[in-house]
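First, one chain by itself in structure tokens, the form predicted on its own.
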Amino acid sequence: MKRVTSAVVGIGEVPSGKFPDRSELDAALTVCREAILDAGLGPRDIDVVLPVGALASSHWNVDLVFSRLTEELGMLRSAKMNCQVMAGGATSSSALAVADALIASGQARRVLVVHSDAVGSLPKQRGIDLFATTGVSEEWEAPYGHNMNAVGALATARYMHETGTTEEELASVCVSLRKWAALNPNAMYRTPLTIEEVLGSKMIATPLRSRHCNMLADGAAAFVVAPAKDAPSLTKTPVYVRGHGSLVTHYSMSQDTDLARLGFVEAGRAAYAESGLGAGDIQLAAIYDAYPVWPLIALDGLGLCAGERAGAFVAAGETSPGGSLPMTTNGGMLSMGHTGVGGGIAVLVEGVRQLMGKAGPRQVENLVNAVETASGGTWMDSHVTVLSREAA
């Protein structure tokens, strides 16, 4: 078990959806100010800014790299470093791990991580082109029609084959996430969803139908990380980074040797060992989704279903409001919206929000420990982070 060195002390977020009149800069400044104020700090208390990658506009992304936010927030000649962190959907866990390491090494005291993007407002074809072949090998996969929906479909088909998961159980993941989104004013989709609606929707890539697939959205979120020893003086509700584990398993999906498990078993084992906690100590799962099979793979790999198959566990309502293991309580990318790299940031921020007791009508009571997962590209890596209200 490692010594806990950092804690998340502030968060900020704006609604996800299609907001063509809301600029990426406006959204970024809003969430940065919210997170900094939530941490009881001012902008000049921040010494490192980690803006994560934006996909819709290369100009905006270059502005992030070139310290636009430090100027806009009044941090010039007080911030020591502005450095972009980018690992696709895994950026949430990766940025938190980088912030934790900077603090542990003494290179930083207050780190601001921020994401803002407008992929939902892209013209339809540009959005399709952006995501259709991202992470797909141009030499060995793209010529045969492989695309991001096919990536999700291949893993889903393999997982269903190996575990006996049914179509109804797969659809229940979408329904569970929608129930949480209905309680989230920042979510893109809040209307009720049924298993029948999921299974009756258009086939996209067998066995995935349109309601199994995420929708692109504009969004922004931010969080502030500080030394664990300082955290109680900044906020009454610090969330400590107890442990982290990760494993890279492939670049091309066709080269992964175990699509039904990826790297979550190994990453989870490392995170639990570092945190001194185990699956039985976890009361909330902030699980990266995008397609319904990914939460099922993570639930299995982390041992969170008490010996039950993950599909049956979700179908029984255990991850929905009132269930034994609330999961991805913001609604995830399947209901809150896929904001590009920020989909994982939103899942992490929601896990922190729940542990801080700031989740409003969807607040889960008596939370102490949570687990967060992330994966980037064509689910090239598996990240697991254990978060807690307790430092040890």
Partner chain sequence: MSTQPRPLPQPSPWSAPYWEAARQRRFVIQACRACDRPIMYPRKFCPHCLGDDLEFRPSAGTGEIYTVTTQVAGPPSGFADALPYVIAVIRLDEGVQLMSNIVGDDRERARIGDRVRVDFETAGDGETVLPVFRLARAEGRAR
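Numbering follows the first chain given and starts at 1. The model shown is predicted, which means the values in this text are computed figures rather than measured ones.
What comes next is about the form predicted in complex with its partner chain, which does not appear here.
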{"query": "Contact flag, Glu141 vs its partner chain in the model of the complex, heavy atom cut 4.5 Å", "finding": "yes"}
{"query": "Contact of Thr166 with its partner chain in the model of the complex (heavy atom, 4.5 Å)", "finding": "no"}
{"query": "Contact label in the model of the complex: Arg309 to its partner chain, heavy atom within 4.5 Å", "finding": "no"}
{"query": "4.5 Å heavy atom contact, Asp129 to its partner chain in the model of the complex", "finding": "yes"}
{"query": "Which of 258 to 266, 314 to 322, 85 to 93, 180 to 188 sits within 4.5 Å of its partner chain in the model of the complex, heavy atom basis", "finding": "258 to 266"}
{"query": "Contact test, all of Lys236, Gln283 and Gln363, partner its partner chain in the model of the complex, heavy atom 4.5 Å", "finding": "no"}
{"query": "Selected contact from Gln107, Ser252, Thr194, Ser78, since only one has a non-hydrogen atom within 4.5 angstroms of its partner chain in the model of the complex", "finding": "Ser252"}
{"query": "Listed residue (Ala150, Val98, Ala231, Leu277) with a non-hydrogen atom within 4.5 angstroms of its partner chain in the model of the complex", "finding": "Ala150"}
{"query": "Members of 310 to 345 lying within 4.5 angstroms of its partner chain, judged by heavy atom, in the model of the complex", "finding": "none"}
